[in-house]
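Next up is one chain by itself, shown in structure tokens, the form predicted alone.
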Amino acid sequence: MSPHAEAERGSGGLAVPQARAAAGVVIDGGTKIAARDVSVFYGDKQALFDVSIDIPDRSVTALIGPSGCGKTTFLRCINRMNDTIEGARVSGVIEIEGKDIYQKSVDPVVLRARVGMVFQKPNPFPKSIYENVAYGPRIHGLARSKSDMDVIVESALKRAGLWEEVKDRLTAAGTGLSGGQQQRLVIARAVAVNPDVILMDEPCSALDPIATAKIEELIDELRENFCIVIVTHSMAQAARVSQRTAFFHMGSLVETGPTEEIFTNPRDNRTQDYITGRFG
């Protein structure tokens, strides 16, 4: 494992918080996701190398790095989406609230309800706005009646900042919304099942600046209740929305820390070169 991904260890073998933490160490506490020595293989090709990182709850952690560096691959490990790729293999440990999500007893379908995913391109179902949001709660049995479901749908749309725009047309097709509205609908769909974690893979890359600003404002509001991990190619976006940033390069985690520190005083020259535009 890279020396940049190692934490100092106390006598009990646990990571010791430091004023200036090594990569992968949370200095704030409240860890939601703990990854240790995570590697990913696609057939004979290794895409991720011994990634160790702690991701805190109720905050936004941004994963940055050049294309093909492994950040999306790591993101997909957190809800086991790599399981769906033939020949993919994941080693190491990822825990959410102390439970290893790769144990055989963990149902990936149930896990993906706890770990919502928002993709690069909005992907509403070919259903009404109401049914897009109700889909998850319905298959997971979260509503006992129509009135219960109405409350869940309204609450989710409000949390996604979309209720006032769509409350009079809930039976209209979700695919008929604008791109920014579709992305907020997808976020509403994710929060409707009360997940523990929300993963976002470049959620604003297909949106215009006004829609992007709304999504970023929404992310800032959601972090009060959720652990959010976002992949972004925008240094400005990472600086605006995240509290912690992790820099990936060539399949390895180079360093992670408070976003302001990563952008103003990185420890590794590769991080400095990337955020200043010398490569990437």
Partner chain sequence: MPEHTVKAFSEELDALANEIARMGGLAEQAVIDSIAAVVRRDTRLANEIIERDAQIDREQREVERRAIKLMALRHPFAADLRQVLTAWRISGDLERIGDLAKNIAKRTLVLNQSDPIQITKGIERMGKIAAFQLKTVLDSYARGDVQAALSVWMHDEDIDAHYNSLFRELLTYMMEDPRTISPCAHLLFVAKNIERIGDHCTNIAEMVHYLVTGEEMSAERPRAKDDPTPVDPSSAAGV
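Numbering follows the first chain given and starts at 1. Just so it is clear, the structure is predicted and the values come from calculations on it, not from any experiment.
Keep in mind that the form predicted in complex with its partner chain is not shown, yet the notes after this line are about it.
Looking at A239, you'd find a heavy atom of it within 4.5 angstroms of its partner chain in the predicted bound form. The closest non-hydrogen atom of R267 lies within 4.5 Å of its partner chain in the predicted bound form.
At a distance threshold of 4.5 angstroms between non-hydrogen atoms, M235 is in contact with its partner chain in the predicted bound form.
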